[in-house]
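Coming up is one lone chain in structure tokens, specifically the form predicted on its own.
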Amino acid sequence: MKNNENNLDQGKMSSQETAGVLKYKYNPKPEFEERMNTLLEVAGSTEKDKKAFWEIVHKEPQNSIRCNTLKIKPQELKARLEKLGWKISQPIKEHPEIMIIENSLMPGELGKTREHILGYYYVQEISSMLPIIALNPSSQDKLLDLCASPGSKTTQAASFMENSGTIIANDNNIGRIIILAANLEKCGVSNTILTRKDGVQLCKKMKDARIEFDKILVDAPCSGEGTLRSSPKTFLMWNLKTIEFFGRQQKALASHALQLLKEEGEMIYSTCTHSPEEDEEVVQYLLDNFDIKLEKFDLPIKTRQGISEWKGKKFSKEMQLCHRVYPQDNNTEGFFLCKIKKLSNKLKSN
């Protein structure tokens, strides 16, 4: 295996060559490269498509933001930002709050504007916005965001709910809770209760107290294979043991969260990784143990369906209803999500 120094291309390039390209180019570990190529083939990729994947993961992600509709209307925010000289596009007609800054910005400029300080917009990658779009919480819902920090999806949910209903936003680390609280305050969120607890333990306590939710988001901690563009050191940190660790943790979080969901309630399970061990395998575990079904839903960007087999393990046909987001399809980060409907509180016997 190459060491970090050899894994890093630090050659000097011209300004034209570095435009949109990561400052440091980390080469993927051979095992990761082989796995991703196999996964892309399973997803129907051609050689051209695989090449596009490996090219885009070495480019910086585009600057995308979400208008905080609790404080300002999208068109008003757009007009204000255009006065700063920014070129703003709204690529999704049904979601004008989603904006892309088309022109180049100075380092740190995105977070230094008066509009950002006032909480008029949240810096958020488009694929990260998909779980709440899919869950579509309303002002009447009681929602659990089990792994909430730093608050991108919590604040988005509050906007969908127009600061009504109730959100329980949980994280298990005090430093992350502080960040979450600060973001909620800046965005003017007032329908959210913060809890600091291990996710599994929180679910057990709520189950004992007979607390149930209409909708649940489990945006689970993961190996981060989908974040190579914004976090290129993931290339170096990647290993199978990490994937196995997160797979076990994700099954525990998702299965305990499901027990808090009302009958006919909906839960989104999502990750920012491509790894089937953290995606389809977790969903299959839930299908095998709970009286649930996967629901069909549409998303406003191009996605590919979940895979039916991986490394000799076969998955349910329902996995076709899962959504895989690959960076080359939409110029985004990578992502995975599915929507689960709870049919009853019965557990399946294996």
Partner chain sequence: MPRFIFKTEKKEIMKKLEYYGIQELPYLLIASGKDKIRGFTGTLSGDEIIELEKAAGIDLAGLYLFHNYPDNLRLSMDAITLLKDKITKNILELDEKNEKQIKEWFAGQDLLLSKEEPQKITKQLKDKGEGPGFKVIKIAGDLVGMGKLSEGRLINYTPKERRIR
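Positions refer to the first chain, counted from 1. Just so it is clear, the structure is predicted and the values come from calculations on it, not from any experiment.
Beyond what is shown, the protein has a form predicted in complex with its partner chain; the following relates to that form.
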property	result
Candidate from 221, 188, 232, 96 lying within 4.5 Å of its partner chain in the predicted complex - any heavy atom	188
Listed residue (247, 265, 150, 119) with a non-hydrogen atom within 4.5 angstroms of its partner chain in the predicted complex	119
Segment assignment from 195-203, 127-135, 222-230, 256-264: heavy atom within 4.5 Å of its partner chain in the predicted complex	195-203
Close approach of residue 236 to its partner chain in the predicted complex, 4.5 Å, heavy atom	no
Partner proximity in the predicted complex: residue 113 to its partner chain, non-hydrogen atom cutoff 4.5 Å	yes
In the predicted complex, residue 209 touching its partner chain (heavy atom, 4.5 Å)	yes
Close approach of residue 163 to its partner chain in the predicted complex, 4.5 Å, heavy atom	yes
Contact set, 56-71 vs its partner chain in the predicted complex - heavy atom within 4.5 angstroms	70, 71
